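Taking the form predicted on its own, here's one chain by itself in structure tokens.
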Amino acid sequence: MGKWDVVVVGAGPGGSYAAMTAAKLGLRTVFFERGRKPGEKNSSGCGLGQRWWRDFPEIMEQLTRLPSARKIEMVVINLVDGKNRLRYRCGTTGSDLCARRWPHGMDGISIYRKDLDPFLAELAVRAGAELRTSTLITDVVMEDGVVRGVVTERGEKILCDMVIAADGAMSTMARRAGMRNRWKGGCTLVAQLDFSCNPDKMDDVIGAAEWCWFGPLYGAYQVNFRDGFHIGNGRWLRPDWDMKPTEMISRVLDIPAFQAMCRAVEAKPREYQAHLLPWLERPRKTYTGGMLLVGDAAGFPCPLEAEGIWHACVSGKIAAETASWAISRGDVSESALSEYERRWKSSSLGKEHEFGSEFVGIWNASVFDPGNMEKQIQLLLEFSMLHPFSIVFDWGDAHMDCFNQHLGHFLDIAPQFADFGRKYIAPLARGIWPENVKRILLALKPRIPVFRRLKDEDYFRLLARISKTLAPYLKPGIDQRAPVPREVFEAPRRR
């Protein structure tokens, strides 16, 4: 075949979904995989959250039946102290709201990429896209600053109207097209160790859950599959890097509670993996003339927990739809393809990055800073003792005396974290829906004598005049179910 409509570089989830969407839209599409088959990438598996049922309902029943899939209903958090002692274990459980809402609050599945990637690639092939494996794309074909095709490692040129680059964190396509050289911050090196396990013991011990391990270490996630799991942790790639990736994992392996879990499920290490992962406040430029970036290549992983598979598929779908739109107009210039950025920013994908700077700041000052994390663990432990169940079973003294002792200790150590709260937690307030702020203020009104007799509108008007922080939430023109725009909290610029 001569010139293609769309060339997709990469047959991971984002590339395959882009290829499938493009083919369904009637575009002549080919996608390339450097491995012998999709799913050979050096990354064992992933978790697929409830958004998958909302956005890709047509494939979810099939995904849940793949060999490695494990149903997930909660996340178990393990907190350890500086002496490697397990001090606290809790789980996210959901609420009545989660039970009523679909997709449910914590539901999902974990699945190995060796199952997921071939499945998605096959969907693209069935839709009409051509898959070429064992083919490494090393360069782009440029004409007058516009990408017109790609070049394989054997020197073959494949021409097309549009290229969709889904070739990972160190995207060759982005670099060869001159979009960037390095990330210049915001990239992490992730080390993972994959274990085989007894699937029946996994059911008995792990159940329908993911696990995390936090403490004076670089926090580790544990993704559990039907017959195995992997642990992984990482940190920013910065000049102060002072340890080997394997040392980060070894810190988790040394935790006695982790070792006990491994014995219980008969875990055996089988593969060490390491890969780069963009962890950005917000994606950098995602388009140029003739080419769009998706998934890790664009920097789309979530800035809060760095999950990126859903983000890859959603961006792949939007990219293919944008490519179809641009090709139909006969205009694939950089100016025209700015439409891609407009589309992803206005989608649920774009909402993930509205609080990117706040989320990344929290990680910087906590999980990616073992020294700070050791102090914060003590605050979390004391806070957990104020939980009703903890007080009931603290038999060191009379129950109310125990409560007051713990409350006093919490108040003693809390001021140490005042700066952390002001700098990293308080900015998240702008994300609270105005309607919820108003409901909170109305609940407080009867408890403040001076405000009791005021009409609600007069009460809000007075509060808006008193507090610059509250004023934006009380403006009648603001969307009552959307975050308050960042601009309203910023000081006006002098002209």
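Residue numbers here begin at 1 and follow the sequence given. What you are looking at is a predicted structure, and each value in this text was computed from that prediction instead of being measured.
Quick note: we don't show the form predicted together with a small molecule, though the next part is all about it.
Checked against the small molecule in the model of the complex, the candidates Leu27, Leu463, Cys46, Val30 yield a single residue with a heavy atom inside 4.5 Å, and that residue is Cys46. With the partner omitted from this view, the residue of Ile206, Cys212, Met74, Ala306 that lies near the small molecule in the model of the complex is Ala306 [heavy atom within 4.5 Å].
Of the heavy atoms in Met20, none are within 4.5 Å of the small molecule in the model of the complex. Although the partner is absent here, Ser347 lies well away from the small molecule in the model of the complex, with no heavy atom inside 4.5 Å. Proximity of Tyr221 to the small molecule in the model of the complex: non-hydrogen atoms within 4.5 Å are present. When contacts are judged by a 4.5 Å heavy atom cut-off, Leu136 counts as touching the small molecule in the model of the complex. The partner is not drawn, yet in the model of the complex one stretch among 381 to 389, 412 to 420, 352 to 360, 163 to 171 has residues with heavy atoms inside 4.5 Å of the small molecule: 163 to 171.
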